[in-house]
Structures are given as C-alpha cells and as structure tokens.
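The chain below stands alone, shown as structure tokens; this is the form predicted on its own.
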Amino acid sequence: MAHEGQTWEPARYAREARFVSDLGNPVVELLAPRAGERILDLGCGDGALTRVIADAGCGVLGVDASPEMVAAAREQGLEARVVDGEDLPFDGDFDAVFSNAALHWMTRPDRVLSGVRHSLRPGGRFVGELGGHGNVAAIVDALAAALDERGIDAAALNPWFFPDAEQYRLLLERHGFEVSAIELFSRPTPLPGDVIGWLETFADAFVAALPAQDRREFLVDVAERCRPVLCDDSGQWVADYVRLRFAAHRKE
C-alpha cells in the first residue's frame, strides 16, 4: 500500500519481497473465500493474493494507493483500482474485505475501519494480517540510531502503524465489528538478499530524508548496525517480523 514518501517498483518488489505474498496464504485460508462471493482486497499490491482469491471463484476487486502496483495487478488480468485505503468509496458492496501486509501502511486506522465497515454487507467478514507491535524493531532501531547521528528525528518519519492485539481488537469493536480471532506472533522471515534490499524496498520514508549522494553510505551504515542481530554466520539475513492476524465480521 502506498504511503507518502514511499514509492513502489513492482519489479523490485517481486525480487526483494515475494515472501510477503508467499507467506500470506494462511490469511487466505482464514478468509475461506467461497465461489460467487464479492471480495475487496485492500492494499492488493501486485495482485499475487488477489489472484488466489479470484481463482477460488470469487469476484474480487483489488485496491491500492500505488498506481504502479495497480498496473501490475491489471497486467495479470485482475480488476484493480487506485484507491486510498483511508478513504474507501464503497457502500455495502462486498461479502468480505481481505488485507495482507497493507494495513500497517495506513496510519489513520479509524478512517480505514470506518471505510471497511461501510464497504461490507451486514455480517460481512474482515480478515487480514499486518505488522504488529515489535515488527522489524531491530531495523527501526538501526534506522533511528543512524538518522540520529545525522541530526534527523526518525520518529517523525516513521510511516508504520504496528498495533498490539488488544489495541486492534478495541479498534475493531469500536467500529462495529465482532472479533472471532486475533493473534500477535513472531515470524522471523528470511530475506532473499541482504537487509539493504529490504530497506530499498520498504524504507523510503527514512532514506528520502537524506541527500541523494548520502543515501548509499546511510544504507550500509544501517545494515552494519543490523548485522549482529539479523545476519547469521552463513550470511543469511532474517528480518524480525511480528505479525498481527485477525478475523472479524460486521455486526448487523
């Protein structure tokens, strides 16, 4: 999902972040899509999981704030539109709303959840997974330390909303949802390359605060700060992911 200061390049995303959709299949299983349902994929990215839902026989619309990602989803033959997740325009159009690895880019959750509720028919399902409390904490700490040395406040740049389970349960309930399952869990995630590839894919909001000529040195600095915690003796990098997975439904 797009965020101010964050740009998405579908080719880089496919190379550096395919694990995001590969690890999203349990969320699709929790959704349990049924043929004939109309489903909204909120923050669809390049459409990898939108395709899985469509192949289950559902009428699925993917929405994302990134025009580049929407174009990539459309290239797969999927129905996809550029829509701001904090300003959903739908009214009772869907049997379910699905979201994987996108909600943490939307930092005004009350706006998101209000829109999701209005998008659903009474009794409709809302199933998703997002970064949870403590997600990529070692990377965030390294970014903050490296920026602090350069006189920049990382907290003011942070583009992410990583709630804990109780916080998100209360948000859902406030917006008229009944929560049937919610779980915060650690999921250490092997990266296809080094952490610099991850930073180049996901951390634009921090990197863009620096002059272009200083960014490579900054990325190397952040990677070296992360290395003792996230890189093993064989050179495998593992990001310290923490996920929040939930299932809820709109009350009548």
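Start at 1 with the first residue shown and count on from there. Everything quoted here is computed from the prediction, not taken from an experiment.
The same protein also has a form predicted in complex with benzoic acid (BEZ), omitted here; what follows describes it.
If you check in the model of the complex, do Trp105, Trp198 and Arg243 all have a non-hydrogen atom within 4.5 Å of benzoic acid (BEZ)?
-> Yes, because Trp105, Trp198 and Arg243 each have a heavy atom that approaches benzoic acid (BEZ) to within 4.5 Å in the model of the complex.
Could you tell me which of 142-150, 96-104, 74-82, 167-175 sits within 4.5 Å of benzoic acid (BEZ) in the model of the complex, going by non-hydrogen atoms?
-> It is 96-104 that comes within 4.5 Å of the partner.
Could you tell me which one of Pro109, Gly128, Gly131, Gly124 places a heavy atom within 4.5 Å of benzoic acid (BEZ) in the model of the complex?
-> Only one option qualifies, and that one is Gly131.
Benzoic acid (BEZ) contact at Ser119 in the model of the complex, heavy atom, 4.5 Å | The answer is no: Ser119 has no heavy atom within 4.5 Å of benzoic acid (BEZ).
Would you please decide whether Trp160 lies within 4.5 angstroms of benzoic acid (BEZ) in the model of the complex, comparing each non-hydrogen atom pair?
-> Flag for Trp160 set to yes.
How about Phe202: is it within 4.5 Å of benzoic acid (BEZ) in the model of the complex, going by heavy atoms?
-> Phe202: contacts benzoic acid (BEZ) in the model of the complex.
Taking benzoic acid (BEZ) as it sits in the model of the complex, which residues of 48-85 have a non-hydrogen atom within 4.5 Å of it? Please list them.
-> Heavy-atom contacts to benzoic acid (BEZ) in the model of the complex: nothing from 48-85.
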